[in-house]
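What follows is one chain in structure tokens, specifically the form predicted on its own.
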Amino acid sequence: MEKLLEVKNLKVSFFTDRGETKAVKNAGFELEKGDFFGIVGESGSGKSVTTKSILKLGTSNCVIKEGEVLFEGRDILKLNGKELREVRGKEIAMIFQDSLSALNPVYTVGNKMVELIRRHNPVGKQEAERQALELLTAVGIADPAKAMRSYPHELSGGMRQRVMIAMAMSSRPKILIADEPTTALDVTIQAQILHLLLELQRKNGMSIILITHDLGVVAQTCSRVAVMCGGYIVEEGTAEEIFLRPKHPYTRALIASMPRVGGGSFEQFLERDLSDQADSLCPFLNRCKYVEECCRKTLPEYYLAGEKHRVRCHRREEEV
């Protein structure tokens, strides 16, 4: 398949009065055309920082220290402001987990959608309004004209998320980054949003990067999955490999910690304790029940457990 995006050796830090916090220590993955790629991990693992860095959307104290983000062969991190604006929102779009904060509260939905459509397309106001209505209809909003006249706070959480998706789709992006798109939504609405993303992907042939901590969401939607822990991608493979043949102890612990339907026991996920851990060691070191002396000395390299199934661990499957 055609390689669309390649992230290499990405390192991202935050600088505060307390010093440097290394949020992403060495992340890398590839995204192919038409791929539905999930990045999963607990809160603080570096998922959102990694994907926001693709579009250089970090805060003022966020610094991309090293790495490459190759989109169709061009390194996004080396683009100037004008070149970056041509990619951001048009070629690569993003929807955020908090739709109420992402939408401007003083403008109607229609106002912002028309503005966005005209920014990326040479069309007049009337044509932009027509396209906005079509987009809102396409994402399942029953009364798009009413939604156009509404302010964000007048819409439900599910409707706001649909508006965010419609806005992201307005430029027909090649890549859509969805950062926790179903957070704070009830189960029924969550299922509808996931179904909508799958339908849009099939219809438009775009690639999607889904960031989530919900393994159930990943299992329903993603073809390939990367598991992040402490700023590193510790395992990457197909959804089938990750869920049915997990290799890394962290991946196994995540899966084992999921509550079971109908009750039953599940493994409690231990609280992180990284206070005395060096940055150059496995991020799961202090919680791993398979830890050995080599784990306390060096960061493990990746080994291949399948054609594209890679695992960053000193131990091999047969040893676990």
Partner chain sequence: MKKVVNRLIQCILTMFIVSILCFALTKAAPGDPVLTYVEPNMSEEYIANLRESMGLTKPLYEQYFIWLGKILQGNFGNSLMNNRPVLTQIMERLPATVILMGTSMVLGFLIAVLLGLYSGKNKNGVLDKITSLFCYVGISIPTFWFGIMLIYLLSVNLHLLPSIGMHSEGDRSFGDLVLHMVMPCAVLTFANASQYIRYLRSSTITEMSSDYVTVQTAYGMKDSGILFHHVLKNAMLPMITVLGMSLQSLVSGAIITEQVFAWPGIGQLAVTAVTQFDYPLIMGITMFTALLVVAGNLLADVLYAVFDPRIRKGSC
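As the structure is a prediction and not an experimental result, all values here were calculated from the model. Positions refer to the first chain, counted from 1.
What comes next is about the form predicted in complex with its partner chain, which is not displayed.
Student: Ok, E72, D214, E240, E154: which has a heavy atom sitting within 4.5 Å of its partner chain in the predicted bound form?
Tutor: Contact residue from the list: E154.
Student: Which listed residue (T188, N80, Q126, S101) meets the criterion of a heavy atom within 4.5 Å of its partner chain in the predicted bound form?
Tutor: When its partner chain is considered in the predicted bound form, the option within 4.5 Å is S101.
Student: Heavy atoms within 4.5 Å of its partner chain in the predicted bound form: which stretch in 245-253, 90-98, 214-222, 232-240 meets that?
Tutor: One stretch meets the cut-off, namely 90-98.
Student: Would L57 show up as a contact with its partner chain in the predicted bound form if we use heavy atoms at 4.5 Å?
Tutor: Because a heavy atom of L57 falls inside 4.5 Å of its partner chain in the predicted bound form, the answer is yes.
Student: Is V106 near its partner chain? Define near as a heavy atom within 4.5 Å, in the predicted bound form.
Tutor: Yes, contact at 4.5 Å.
Student: Using 4.5 Å between non-hydrogen atoms, is I209 touching its partner chain in the predicted bound form?
Tutor: No, I209 stays farther than 4.5 Å from its partner chain in the predicted bound form.
Student: Within a 4.5 Å heavy atom cut-off, is E115 in contact with its partner chain in the predicted bound form?
Tutor: Contact check for E115: yes, within 4.5 Å of its partner chain in the predicted bound form.
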